[in-house]
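Just so you know, structure 1 and structure 2 below are the same protein chain in two forms, each on its own as structure tokens.
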Structure 1
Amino acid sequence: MPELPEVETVRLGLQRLLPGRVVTSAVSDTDKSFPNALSDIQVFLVGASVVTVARRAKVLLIELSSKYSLVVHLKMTGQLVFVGTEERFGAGHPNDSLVGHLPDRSTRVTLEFADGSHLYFNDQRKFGWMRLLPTAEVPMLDFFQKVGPEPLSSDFSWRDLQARLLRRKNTNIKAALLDQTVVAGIGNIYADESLWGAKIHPTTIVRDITESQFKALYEALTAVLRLSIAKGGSTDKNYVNAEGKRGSYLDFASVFRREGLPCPRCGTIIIKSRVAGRGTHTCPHCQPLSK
């Protein structure tokens, strides 16, 4: 599953290419991937222009001039590939569909624009989806009602992070960070990296974390997210950035996937364990076990 920086780099690429383009047709091969009524497609999608491309947590929102939006979740193997007369852009699962002729057998939805360009939604495993909904109703979806605030929002402070995490005061900090109802978009890579940055062991119970540690965690979390966005996301498993290239964040990671290597801060060998059901990377010296 992509994490927040991966989806944000996809958004940035689409925002550069899609606004102003007018949809002239929409074709899909399965209702599972494109669960929309034909009448809605004809009235609210065809003939509408793209206004902007937004993101909430790990979900993309292609907002249209018809006051409807395409809500897109790429899940594990989804791709969005833009093909224009002079530019091609691929984002998502790194298979040959990013560079091959489209549509192909993984193409679930094809949007054609008035200038002859296309946006292809490819998904090998058919877990992703593209839903057409009134823009005003998007925040009312169950997912958006439950998901936590954006960690990089300008009005999200370390005090907010502290208050959100304390909702799960009796669990360990790694599990709390991974809970999407607490904070949006944080997955395994950035939980490990931010806990290392704040010198907090991942099994530490949230109620035992001090104010200074909450502040350090906020600073570490926002720093690693911003760095990862700047680097185009991580190279972890099956995601690529908005130019169809693997992100380079893991080249700069401090602990994730670095078990057996020295900690870049103190030189102690990084270990891997299992916390909150996930592989977890820790420096035993910088992140001592809580007593």
Structure 2
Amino acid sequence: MPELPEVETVRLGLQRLLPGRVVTSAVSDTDKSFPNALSDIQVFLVGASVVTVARRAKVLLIELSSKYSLVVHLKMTGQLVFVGTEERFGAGHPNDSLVGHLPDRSTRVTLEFADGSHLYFNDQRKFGWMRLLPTAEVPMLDFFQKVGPEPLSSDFSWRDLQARLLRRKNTNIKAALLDQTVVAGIGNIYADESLWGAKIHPTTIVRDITESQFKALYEALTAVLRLSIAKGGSTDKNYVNAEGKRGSYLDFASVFRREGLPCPRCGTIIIKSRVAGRGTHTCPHCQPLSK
């Protein structure tokens, strides 16, 4: 569920909250969530300070003064929530908070900082992970070797999107968009939203997509990603930002989780189907089946 806009929203929050803080302890409840040896954690994490927080694709990179980085993938239900000292014994996060008092039963890793503040890695389904790695080795990870370009980078054009997607020319466009080696950061929400924006049916085979459709898809994709970042991402069930708060993009979504409701463009009822093994939302009028 955390896709590019959600992970970027978490990054923006952590970049505001973490740099300069010194880690004083790190506790993990499962090897699966944080598989590093305790000795490495003691040497390269405890005592180090946070330098900066970066992102590549859906992966967060918390760079440390020890020349190591915490590499974090939230997968489906992961959260990274910072709790400052002023909130420590209060009623938790106010307003649009989705988390109660932390740690809770989904907390997998707890980092404590020198001033008594905490960073909690919560993950209900345990798909996500956090790993401590020398910063110089991060780009060598298999995932980073294979992952595609950032869709919002200034040198990524509609021609680039077209060329990357055509690497999967015999599959359907939704599967191609979800393939992280084609373009980084797109998941189920923004695949559906951008295909609706470009008026392309998700089962359309990539080789059958026209130039003007590729161009429209590029415009729609970059627009929905930017809008979602501006709205703090999408909260469906679990996603929260670094302060434990929801994102509001789904209030602006056109098709995702809107089956049975009218298409914002033409009023036709939106339907849900299954494409590429994923729940898929389309407007039958705006996104006709090709061939």
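None of these values were measured; they are calculated from a predicted model. Each residue is numbered by where it sits in the sequence of structure 1, with counting from 1. Superpose the two forms; the largest set of C-alphas matching within 1.5 Å is the rigid core.
- Note on provenance: structure 2 matches the form predicted in complex with the DNA.
- D104 is among the residues whose C-alpha shifts by 2 Å or more between structure 1 and structure 2 once the rigid core is aligned.
- If you fit the rigid core between structure 1 and structure 2, you'll see the Cα of L225 move by less than 2 angstroms.
- After superposition on the rigid core, the Cα of D115 moves by 2 Å or more between structure 1 and structure 2.
- For A37, the CA shift between structure 1 and structure 2 after superposing the rigid core equals 5.8 Å.
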